[in-house]
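Here you get one chain, nothing else, as structure tokens; it is the form predicted alone.
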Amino acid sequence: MEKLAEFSSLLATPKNVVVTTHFKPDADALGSSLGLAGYLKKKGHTVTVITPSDYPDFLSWMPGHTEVLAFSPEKPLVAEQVHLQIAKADIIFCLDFSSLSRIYDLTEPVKNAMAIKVMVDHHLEPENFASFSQWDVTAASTAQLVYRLICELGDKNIIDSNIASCLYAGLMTDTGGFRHNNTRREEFLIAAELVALGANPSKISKLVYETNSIERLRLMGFVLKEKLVVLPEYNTAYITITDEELKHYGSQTGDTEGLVNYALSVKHVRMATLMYKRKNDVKLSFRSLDEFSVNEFARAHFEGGGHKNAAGGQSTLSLEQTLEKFLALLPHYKEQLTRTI
């Protein structure tokens, strides 16, 4: 981190701290937040972790999750508490997002708060809203950036098994179980250090990857059988899921996680997309292989972004119109998608 000495001085005395992350947080977002919160508490700070929405049930094992304030406009008492904590914070840590729009209803409260903002993130093209930044686009996860920051502050020795477990979960999932092309030597070394500090790889993998509801498994079976479409002429696959289909299978937050990866796993597919209705908009998840940048694709056409080979987007059109827009774009990218590597 630049200005590390100044940042260390900021943390030298107890502060009211808010740690927040992006809408519908995944394991890296929640794991890095809870890991950082655990560390800051051990340093004597008063810490509140706030999420802009609920999060998947398969992350509810994470130490500290019971104290998370999950914002919801439908829960006025919680919303009031969230706004109060943001308003009185001395420091607000923004984890796993680089644009304030990623926190939806909390964008303005955080933006207008008097607190010092700290960004810890690894996504492309960050906004300039933070006084301090731990940002590295080459890092596979925000969790490892939190670990790196704690070590830079000279506090590796106070990382306990709870902190290590949260950070390991974030690192594990954002590397796809250490399978994605963002997995380098550093990721393995940090994973090994977190294990040495108390993280249990087998247990965490089981809790994250192998703890499914029967509804999620049935949704997955339906999607793979009925909703997966492959377009060989574009080396592209896509999945669309309607609101009615999600309701039919009793879908909960997190149940669509990872579905887009199945589409990408189809032989010869270079880009995969998942689209589903979410309240007032359509959520899109993009994955790609090789040199095709879904970050650029999402930024150009679907108000999104992320990483080169993994990005997200959104659309205010209907699901059907969003699909039509997506399909109409493919001819313009055919050469890139079908180019021989």
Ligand code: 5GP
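What you see is a predicted model, and the numbers here were worked out from it, not measured in a lab. Just count from 1 along the sequence shown to find any residue number.
What follows is about the form predicted in complex with this ligand, which we do not show.
With the partner omitted from this view, the residue of 314, 48, 53, 293 that lies near this ligand in the model of the complex is 314 [heavy atom within 4.5 Å]. Out of the listed residues 65, 43, 299, 277, 299 is the one that sits within 4.5 Å of this ligand in the model of the complex by at least one heavy atom. Only one of 211-219, 98-106, 74-82, 235-243 places residue heavy atoms within 4.5 angstroms of this ligand in the model of the complex, namely 98-106. Contact check for residue 285: a heavy atom falls within 4.5 Å of this ligand in the model of the complex. Mapping the unseen interface onto this chain, residue 310 counts among the residues with a heavy atom inside 4.5 Å of this ligand in the model of the complex. For the chain shown alone, residue 305 is a contact residue for this ligand in the model of the complex, at least one non-hydrogen atom being within 4.5 angstroms. At a distance threshold of 4.5 angstroms between non-hydrogen atoms, residue 117 is out of contact with this ligand in the model of the complex. The single residue of 108-135 lying near this ligand in the model of the complex is 123, the criterion being any heavy atom within 4.5 Å.
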